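This document starts with one chain, in the form predicted alone, laid out as structure tokens.
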């Protein structure tokens, strides 16, 4: 692979991994398995080793995924006294032996290990002072975490107060930390999803997501009702006589902490392999989700010698089990049409137990995957929960195929509106092009508009289904014209529900402009892109009227996104919807205070920011905006300054010079915004606030 190809692929991998981290840690809604994620991370690691100068400190290979949402300030954040790192992992026993060999080279005596089940939950850090729970923090980004103490106090397994000193051979320190995993047992998970299904709400994909989502609820009563559990596995503190991890686990168990009984002290690799082989099968009988085994060096002294990388300890690793499979019969196939028109085939199966839950439906991905495996109706198929996520059909038991089974015929027309399906070159999925008439796409856009990350209007799929089928609303704008009497015909609906819905709609009028843009559902405009557009154009009218060339001047907006935005606003149906939104009284513009403004020094000035700086590039862009300027994505006649750091591309510098655009460095920029005097000294009274 040449350097230019590596640059592009590294950027692509970073973006993909960061988005998957967000879905896993923040949204609790991953859409790929752990194995698929690890393959992407491994590819990025390999490329960064091949091209070391392309590796950066913000790479997913060097930082821990974060569960802190910038949109949610309901929880206070506090720094971790000791970083909460992630574990390196492997699916190979050979790599596990390599881990042992590396460890052995550092040790001056035979190495002992503690093997523990890798629980599939959400990490927690508990601090105790004088025997009482003082604070509970989520992993966060490994450096700081969300304070969820009030919710953790509702988990019965976690002691609020420890047993008296006399109950243990080792008195607990005045202050210490203990870390572990908060989990949701399969029984609680099934009950919770049954309730959500009855209410027409989206289901949790797996117990891990349910546990993480529950821990971030604002209602501690609801947290208690969902019956979370906890197992603790890492003690941080000094107790005389406790010099190994095994002794520490025995000690904290005496103190009253929940410690898993499924652990083993191993004196050699054969014992480790026996533990792995046993639990690879026996985990199916557990009442909780597990996805592997954690192998830790037992000696604290050796742990300190081995140390840490930026992301994980060198004295521990995780062996991940292969995804569980089951065999069952394929009864029929449904085709679901999503908000974007993408068609997904879904298998209806004879019920089968898999990873602690009963599976009746599974994804078939697309027409190519069905053809690849030659999947036919009546086949006995292999179903897998990759990383305990959404079940999928991964193969066929050909010897058991019925003699009369015919090759599967993929549909040619939309199952909802009858429109001939299309398939773009290079795309795996078929699409229904009838975007503005196909009912699932219309309802999907309304659900998206109401979603928490968009306008945050109460309701869900079941409510939208009724509102649409009863001809009460036909697009998102109709929500703002609902009146109480219009909701009288809804099933399982009362006066209080009406009040809550209307109150929620009214509250959405205060939604930040960038979230409104995201709510519109413009193709290719996600949350981040919506923020860039809101910051650049500041009003819906300005964005709506901007030609493609002007759109591409906005940060991170390329030709594809710009064309999509233009097509969206030129559609007559969208124009009608926008007129209704204007009439509803929504502000439809960036309000004062949405972008933090500290001065007007750069008012009316437009910048292109390129190269590397003492601060991150994103921080430099934020500084431009905080002082009233705008950031454009490319050098053009509208640019006033090229803010150039180290390694700015020569073509960009040449283009700026040819167009008469002034190029300034980092120091010159600080003078412009008032952080430095022209002599290079700091203006104490005009320091910019800490950005991140």
Ligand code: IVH
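Positions refer to the first chain, counted from 1. This structure is a prediction, so every number in the text was calculated from the model and none was measured.
What comes next is about the form predicted together with the named molecule, which is not displayed.
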Looking at 447, 475, 181, 553 here, can you tell me which has any non-hydrogen atom within 4.5 angstroms of the named molecule in the predicted bound form? 181
Though the named molecule is not shown, can you say which of 574, 561, 294, 421 has a heavy atom within 4.5 Å of it in the predicted bound form? 294
In the predicted bound form, is there a heavy atom of the named molecule that lies within 4.5 Å of any heavy atom of residue 394, even though the partner is absent here? no
Is residue 373 close enough to touch the named molecule in the predicted bound form, meaning at least one heavy atom pair within 4.5 Å? no
Is residue 531 close enough to the named molecule in the predicted bound form to count, meaning some heavy atom within 4.5 Å? no
I'd like to know whether residue 139 contacts the named molecule in the predicted bound form, with contact meaning heavy atoms within 4.5 angstroms. yes
At 4.5 Å between heavy atoms, only one of the stretches 311-319, 438-446, 97-105, 498-506 reaches the named molecule in the predicted bound form; which one is it? 311-319
Residues in 115-144 that come within 4.5 Å of the named molecule in the predicted bound form by at least one heavy atom, in order, are 116, 117, 118, 119, 123, 139
